[in-house]
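This document opens with one chain alone, in structure tokens, the form predicted alone.
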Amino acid sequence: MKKILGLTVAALLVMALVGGGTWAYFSDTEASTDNSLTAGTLDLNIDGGNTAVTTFSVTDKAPGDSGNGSSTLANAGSLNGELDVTFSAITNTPGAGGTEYEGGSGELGANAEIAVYIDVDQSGDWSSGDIGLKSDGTTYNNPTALDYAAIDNYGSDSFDAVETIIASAADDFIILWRIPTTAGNDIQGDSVSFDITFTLEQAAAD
């Protein structure tokens, strides 16, 4: 009986030693917490807001007159975005006055000219790094001279990925206009109008 008891005590001691060895292994615990994903934003503002603006609107102009208009395009979002620019169809309206030159189909859009560009450095002048938009749907850069074309030639033009506007940055959109002295009497009383749409999108969207 004593022998059996001694063997039992010895077995329990061995088990206790083995168990004690397991409990003594080193360990260290770390954690990964608060994992999250937040989407960035693209937010294009024009002249400080999100409503349509008029870049230029002039009246009672004659051959030899010229001028300009501008709007500020700002990326108020947190992501860089590519700028697309799209012109609407051009609307020509004939003059409705009483002179012999008014009436017809409206010839101002075929005679008045514009030069359009992105003033990247917002200097107010056509300078190095600025981006011109030609009436054939292509772009060009300074030091190439500004390209003037008849307003009608810009009808339904679309310019894809004109530039990248980085987050919190802004550029100016400039339209220079002029009525050549060769325009003649046919434009009397006529008007021309068009819309421009600006879209800021991810580069991968194309």
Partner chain sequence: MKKILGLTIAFLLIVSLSVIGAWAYFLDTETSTGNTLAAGTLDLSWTNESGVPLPFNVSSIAPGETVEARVSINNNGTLQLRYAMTTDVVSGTTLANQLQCRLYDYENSIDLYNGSLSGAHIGDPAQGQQAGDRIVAGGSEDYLAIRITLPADTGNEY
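Positions refer to the first chain, counted from 1. The shown structure was predicted, so the numbers you read here are calculated from the model rather than taken from an experiment.
Another form, the form predicted together with its partner chain, is not on view; read the next lines as being about it.
In terms of contact with its partner chain in the predicted complex, the residue from 149, 52, 146, 167 that brings a heavy atom within 4.5 Å is 52.
Residue heavy atoms within 4.5 Å of its partner chain in the predicted complex occur in exactly one stretch of 59 to 67, 24 to 32, 157 to 165, 133 to 141, and that stretch is 59 to 67.
When its partner chain is considered in the predicted complex, residue 108 lines it closely, a heavy atom lying within 4.5 Å.
Under a 4.5 angstroms non-hydrogen atom cutoff, its partner chain in the predicted complex lacks residue 128 among its neighbouring residues.
Although the partner is absent here, residue 39 is a contact residue: one of its heavy atoms lies within 4.5 angstroms of its partner chain in the predicted complex. Contact between residue 183 and its partner chain in the predicted complex is not found at the 4.5 Å heavy atom cutoff.
For the partner-free chain shown, 179, 187, 188, 189, 190, 191, 192, 193, 194, 195, 196 of 178 to 196 come within 4.5 angstroms of its partner chain in the predicted complex, judged by any non-hydrogen atom.
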